[in-house]
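Given next, in structure tokens, is a single chain: the form predicted on its own.
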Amino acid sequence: MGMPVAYALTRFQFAGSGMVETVFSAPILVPGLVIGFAMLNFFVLLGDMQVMTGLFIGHTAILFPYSVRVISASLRNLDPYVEDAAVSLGANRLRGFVLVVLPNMQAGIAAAFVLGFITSFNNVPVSLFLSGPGVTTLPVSMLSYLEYYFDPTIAALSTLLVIFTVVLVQTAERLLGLSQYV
């Protein structure tokens, strides 16, 4: 979802582009607790929304700015004249994007995916406010378990999650060289 916005922000000059970039960066600046509470109020006022839909929308809103920023960095590393060369050689804009730009953005898209997955997986505030009966995330379950029990199970699970995160990031770094996009 961040690809079209990142493409528009990096390839086109239009009035208010700085404002659009600021608006898309706003969820990064606002604490997750505030966003979670605001979304809870919004969804309660909206009415009959399912818990999974609310969680999906909440996590999408939190992750969207990260994907826009990472994919924008990937596009800024690609010379725009390469796409123009494809168009001048007979490809239309869509074909030039699919055959030239998209393959060069793959590492940035993968970096956005890994960053988004880790951020969403470890997000407690939004999940805490938007989870409901029968639907909960692992971090919220861990938090509620800590409220009632005092044993090392959560510490062991937390260690496994940290190891999983480090292995995932290191694997992505070795395969894709993601550090140049984040």
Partner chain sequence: MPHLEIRDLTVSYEKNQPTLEQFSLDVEQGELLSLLGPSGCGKTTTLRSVAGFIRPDAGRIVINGRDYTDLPPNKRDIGLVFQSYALFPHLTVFYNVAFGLRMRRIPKDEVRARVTKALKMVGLEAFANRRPAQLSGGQQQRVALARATVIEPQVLLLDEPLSNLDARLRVDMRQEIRRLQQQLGITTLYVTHDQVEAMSISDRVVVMNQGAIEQIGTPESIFAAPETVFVADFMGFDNRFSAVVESVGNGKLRVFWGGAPIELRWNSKFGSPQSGARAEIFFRADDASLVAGTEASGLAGQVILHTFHGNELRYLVETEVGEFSIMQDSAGERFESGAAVTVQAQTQKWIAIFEDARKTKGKSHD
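Because the structure is predicted, anything quoted here is derived from the model rather than measured. Residue numbers count along the first chain shown, from 1.
The form predicted in complex with its partner chain is left out here; the points below concern that form.
Its partner chain in the model of the complex is not approached by A110, whose heavy atoms all lie more than 4.5 angstroms from it. Contact check for R93: a heavy atom falls within 4.5 Å of its partner chain in the model of the complex.
Taking the partner from elsewhere, A86 is found to have a heavy atom lying within 4.5 Å of its partner chain in the model of the complex. Within this chain, V100 lines the site of its partner chain in the model of the complex, having a heavy atom no more than 4.5 Å away.
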